[in-house]
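Quick setup: one chain, the form predicted alone, written in structure tokens, and binding and motion questions come after.
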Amino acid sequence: MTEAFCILIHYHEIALKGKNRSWFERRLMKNIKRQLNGLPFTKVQLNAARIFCFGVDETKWNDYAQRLRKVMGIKHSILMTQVKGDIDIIQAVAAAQLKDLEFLSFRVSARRQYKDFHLSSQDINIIVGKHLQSIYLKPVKLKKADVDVVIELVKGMAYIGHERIHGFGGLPIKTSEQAVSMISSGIDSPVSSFEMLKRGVELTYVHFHSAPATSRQSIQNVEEILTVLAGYQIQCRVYMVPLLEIQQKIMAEAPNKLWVILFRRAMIKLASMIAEELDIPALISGESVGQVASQTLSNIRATADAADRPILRPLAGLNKEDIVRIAEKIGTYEISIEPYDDCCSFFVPIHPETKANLEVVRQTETNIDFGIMFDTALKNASIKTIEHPDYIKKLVPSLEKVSD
């Protein structure tokens, strides 16, 4: 019996695409190849709306699984044994795969794309299920079985496996243009960034800090968070923008109840300037309506007014518990709860404005002569490229600066 190992990948939302589906498929396959760089495989190939990764080393399945979980657009991936489409061979392989497993129940899930095969999917389920039952004396359980033996017949070949890992679905990165994500070292903005990555958006990040008035801990935390998020897009850039001088100017010349709103407007203006420089059409924010004083609808309106392009807020309607749950799932939560001084929260007044009047905010801002402070902040910004941790051992700062 000749057999080989491969990984069978089912995609998610791409299946709903029409005439341009092939473009999304090609992008997904390219992303898979990039993500698996350094692991053995011979080719990634599309067959009957399924993506196969051939020539894999089955002993490194955990390494493949860890990488593939981070490829946006994937519904699930399964390590498969590839054999000739023969029912006797299929039964033998299925039985061998269960040999060293501990389980109380099982099911067989067959899908037959190869319609010339003489048995239907249901027939395969029954025949293979009876064979496994006769060997292991375990009951079949159609819902929540301990083991699900997956069998797919494609173009005369059979693929059998049971180790399935689920992806996050969505769309492949680089299929939905780019955005600039305003990221802090808190819980929310990393999750909002992740949600946009899941929509196929390639992100560039901007982090605002108040060093040396605050410690550099928030910068270090953001770098750690982006090391995690870079796993989903292989590589990302972050602009570290000093905000302290602009904040000090605002605190000296504006009512303290408007400080945070004006800080936020300054950050949005700076992020918009970076987006303009890079020809990026949208900004991303981690705001959740009503979560803190600056995130009331009136205050969101007052801050968004400073933007010259759309600000997307994927967390707007989520509860804090929902956001925390996602942060834990994607691996950013433990970093986000480490102590740090945020560039806004460090200067929050006792009684911040919760229902800002847009005209008052505009007039207050107009009365402040910022001069070239925004240009100076960008000239003093540092840029760091952060790559997937499986590709480099440490983060190497870039010597680039934002161009004039």
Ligand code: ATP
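The numbering used is simple: start at 1 and walk along the sequence shown. Since we're looking at a predicted model, the values are computed, not measured.
We do not show the form predicted in complex with this ligand, though everything after this point is about it.
Exercise for the section: Give a yes or no on whether each residue among D188, F208 and S285 has a heavy atom within 4.5 Å of this ligand in the predicted bound form. Expected result: Yes, the whole trio is in contact, each within 4.5 Å by some heavy atom.
Handout entry: Options 143 to 151, 289 to 297, 83 to 91, 101 to 109; stretch whose heavy atom lies within 4.5 Å of this ligand in the predicted bound form
Key = Single hit among the candidates: 289 to 297.
Exercise for the section: Would you please decide whether I183 lies within 4.5 angstroms of this ligand in the predicted bound form, comparing each non-hydrogen atom pair? Expected result: The answer is yes: I183 has a heavy atom within 4.5 Å of this ligand.
Practice task
Would you check, heavy atoms only and a 4.5 Å threshold, whether A230 touches this ligand in the predicted bound form?
Solution key: Although this ligand is absent here, A230 would stay clear of it in the predicted bound form, with no heavy atoms inside 4.5 Å.
Exercise for the section: Determine whether any heavy atom of K198 comes within 4.5 Å of a heavy atom of this ligand in the predicted bound form, and answer yes or no. Expected result: Contact with this ligand, no.
Problem - M267, heavy atom within 4.5 angstroms of this ligand in the predicted bound form - result: Within the cut-off, so yes.
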